[in-house]
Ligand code: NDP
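Just one chain follows, in the form predicted on its own, and it is written as structure tokens.
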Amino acid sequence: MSTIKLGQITVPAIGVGTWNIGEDPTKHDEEVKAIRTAVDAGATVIDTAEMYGQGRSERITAEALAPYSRENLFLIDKVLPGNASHAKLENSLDRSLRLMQTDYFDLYLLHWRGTVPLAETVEELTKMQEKGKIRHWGVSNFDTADIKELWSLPNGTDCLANENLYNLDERGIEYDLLPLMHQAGMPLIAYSPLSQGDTISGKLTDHPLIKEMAHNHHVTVYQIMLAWTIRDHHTLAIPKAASPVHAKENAEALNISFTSDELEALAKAFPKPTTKQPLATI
């Protein structure tokens, strides 16, 4: 099973994303079952955010995780940039902790940059860490210049991870951001690793190379796409568990490994950028 280190903790390199979870009441039972199926299959890292359904995702995620021991889970939550201030951050954190029915988050991220000064946000995140409400803090949707600015601030180098859009369609961060993060030992958390169900380009699931590799490995094309995102052992992928079947398949991608020839073929079919690209987001 492919793993990654987040701080001093080793976790599976594939977790569970919860974006859009809890939006449709008719899907409630299936979504709860999907999250539990993923955890049972080994995907014990759960990523959510206060923005997702204005707390509905946190509520349904908490319900799904209720049967499990907290110590066996790694919970990630995110604060909206407008709430990442001296006046609002702790209140937002406390609300998310209540909704998630936990005393602490393993990792708490600034969802993206806003108008609150970054130094102010870092100061508040550090306070929450000192209070024991979060074990670690990090950022999301930060580009190279943002990370460098962050590192220049007091306690800025305590940032544990950076969460960004990353998949075979979107390799822009490989030009300069990922090398910078790797050099510093900062893991990437890859959101939408399945290219939103292949809706970004619409060219992945029918690509002959990916279909051939899926056949050779006796897996689905989505499992090939997912395994590719974690190939460097510095990345945690957080695909959405849309159904129990997909949740199990996502976790099973932890056991896929590629030969050097396979990785070279994928690199030729989906080349990494040769120039700086604007940071891709969804």
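Here the structure is a predicted model, which means the values were calculated and not measured. We number the residues from 1 along the sequence you see.
Below, we turn to the form predicted in complex with the ligand, even though it does not appear here.
Clashes are found between the ligand, overlaid from its position in the predicted bound form, and the backbone or C-beta atoms here, as 3 or more atoms lie within 2.4 Å; the site counts as blocked. Checked against the ligand in the predicted bound form, the candidates I173, V79, L194, I210 yield a single residue with a heavy atom inside 4.5 Å, and that residue is L194. For A242, a non-hydrogen atom is located within 4.5 Å of the ligand in the predicted bound form, even though that partner is not displayed. Using a 4.5 Å cutoff between non-hydrogen atoms, F270 does not count as a contact of the ligand in the predicted bound form. The closest heavy atom approach of E163 to the ligand in the predicted bound form falls within 4.5 Å. When contacts are judged by a 4.5 Å heavy atom cut-off, H136 does not count as touching the ligand in the predicted bound form. Residues placing heavy atoms within 4.5 Å of the ligand in the predicted bound form fall in a single listed stretch, namely 47-55, out of 211-219, 60-68, 227-235, 47-55. Contacts between 1-34 and the ligand, taken as any heavy atom within 4.5 Å in the predicted bound form, involve G17, T18, W19.
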